[in-house]
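In structure tokens, the next block holds one chain alone, the form predicted on its own.
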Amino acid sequence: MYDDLADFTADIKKCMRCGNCQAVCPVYGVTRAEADVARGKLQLGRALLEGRLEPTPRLSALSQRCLLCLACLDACPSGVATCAGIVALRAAARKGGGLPLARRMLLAGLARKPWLDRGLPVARRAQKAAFHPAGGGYRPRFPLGLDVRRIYPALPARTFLAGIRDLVQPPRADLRVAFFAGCMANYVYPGTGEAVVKLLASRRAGVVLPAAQHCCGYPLLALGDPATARAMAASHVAMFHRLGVDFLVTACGTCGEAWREHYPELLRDDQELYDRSLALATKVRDIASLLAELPAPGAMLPLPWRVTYHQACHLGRGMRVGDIPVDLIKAVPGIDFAPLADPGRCCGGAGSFQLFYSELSRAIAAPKLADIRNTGATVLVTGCGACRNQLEGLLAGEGWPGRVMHTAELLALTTP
């Protein structure tokens, strides 16, 4: 459905232009530009279909100014598939307008796992040369197209998948669980992956970690390359179908949503892969959701911290985990939980959006940062590596003394 914008003709015509999407769109809330909100993008798509617009670089650029945070999807009274339509618009606009070099390089890298694996040690050395230590991470010495006011995490010496066996088997395993690590846990925050494995093993789950797994493909789909995303989805479905697992766990809402929602749609034209993708989709769980389904391992270690929680867009609105992560956090002895006023408000990160639109991303994040500081919390927890990267970097850049961690990392600390 993402290959042909014409497939969205009926959906585009359903848009009543009521403006409900304006009320919830983080980008429109800053720019007040009609082209930056869902109804505006749908009308750009309509004009392209009717021949009143051409797929130019300008149209491609306009189509990219969206977080795909799903807020408009929830707010639409007509049930318009707003985000899917915007992705299809990006694919259509890209055919004639192309993408800037930086985005093309990102697409090429994410589609080729060996490049990322070999590039990590190179990037780590480059980080030490082009950045200087600051706030527990690194701050750019020069702009380099990055926000020099924020802190970037120190890159690890090796990937998560390189440092762990293909199978982690506890003494007695009651379940067989596949772990799809995702890019952030594999290349930036390996501690998240290690925490997931520890938590699953403590629940007597044998954890299978296919070493050949790669990017879920959603970033490529979101940037307007459904063909490559389809090939990556096919690779993963074939790889994980053979494992015969009870569950497929993710530590990223975007990855989980890719498996549940986008893989079946991308593979619809291949009946065998489509059927397998649907079967796997029923087994997909975010790590917090799966932990809530499994028996607790026993007494937890106390953590005397004041903690708050940010609900990632694709975890809350995408995978619909609800309050499950919060309930798990509150159950930890000693924790003083301080809720955010608006936990589901987008942080403005949205993967590569924070890199390509740093000023706009920072402006979108400002209310979220104030909300976090107002809680008085010393620990911010979230279930998304990209959100963590965004909030950790901006908060550290402002001198916030607290720490940011993944939900799994917090829960692993309480597990003996």
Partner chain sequence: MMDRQVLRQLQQAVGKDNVIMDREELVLYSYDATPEMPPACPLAAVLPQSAAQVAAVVNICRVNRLAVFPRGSGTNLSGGTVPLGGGVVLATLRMDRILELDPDNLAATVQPGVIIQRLNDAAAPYGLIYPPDPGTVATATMGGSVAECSGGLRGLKYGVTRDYVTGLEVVLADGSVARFGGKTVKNVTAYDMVRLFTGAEGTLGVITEITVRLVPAPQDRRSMLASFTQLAAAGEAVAAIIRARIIPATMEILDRTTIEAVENYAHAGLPRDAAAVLLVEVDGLTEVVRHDAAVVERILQESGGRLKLAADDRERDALWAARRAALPALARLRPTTVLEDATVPRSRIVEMLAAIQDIAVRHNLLIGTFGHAGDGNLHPTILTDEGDHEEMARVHLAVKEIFATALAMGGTLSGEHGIGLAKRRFLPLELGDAGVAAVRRIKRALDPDNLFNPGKILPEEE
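Quantities reported herein were computed from a predicted structural model and do not represent experimental measurements. Numbering follows the first chain given and starts at 1.
From this point on, the text means the form predicted together with the partner chain, which you will not see here.
Among the candidates 171, 77, 244, 298, the residue which, in the predicted complex, approaches the partner chain to within 4.5 Å (heavy atoms)
That would be 77.
Quick check for you: of 365 to 373, 55 to 63, 349 to 357, 386 to 394, which stretch puts a non-hydrogen atom within 4.5 Å of the partner chain in the predicted complex?
Result of the contact check: 55 to 63.
Every residue of 14, 17 and 40 near the partner chain in the predicted complex, heavy atom within 4.5 Å
The answer is yes; 14, 17 and 40 each reach the partner chain.
Non-hydrogen atom contact residue 379 with the partner chain in the predicted complex at 4.5 angstroms:
No, residue 379 is distant from the partner.
Examine residue 67 and determine whether its closest non-hydrogen atom to the partner chain in the predicted complex is within 4.5 angstroms.
No, no contact at 4.5 Å.
How about residue 35 - does it come within 4.5 Å of the partner chain in the predicted complex, if we only consider non-hydrogen atoms?
Answer yes; at least one heavy atom of residue 35 falls within 4.5 Å of the partner chain in the predicted complex.
Though only this chain appears here, would residue 44 touch the partner chain in the predicted complex if you measure heavy atom gaps against 4.5 Å?
Judged by the heavy-atom cut-off of 4.5 Å, residue 44 is in contact with the partner chain in the predicted complex.
Of 221 to 258, which residues get within 4.5 Å of the partner chain in the predicted complex if you count heavy atoms?
If the 4.5 Å heavy-atom criterion is applied to the partner chain in the predicted complex, 221 to 258 yields nothing.
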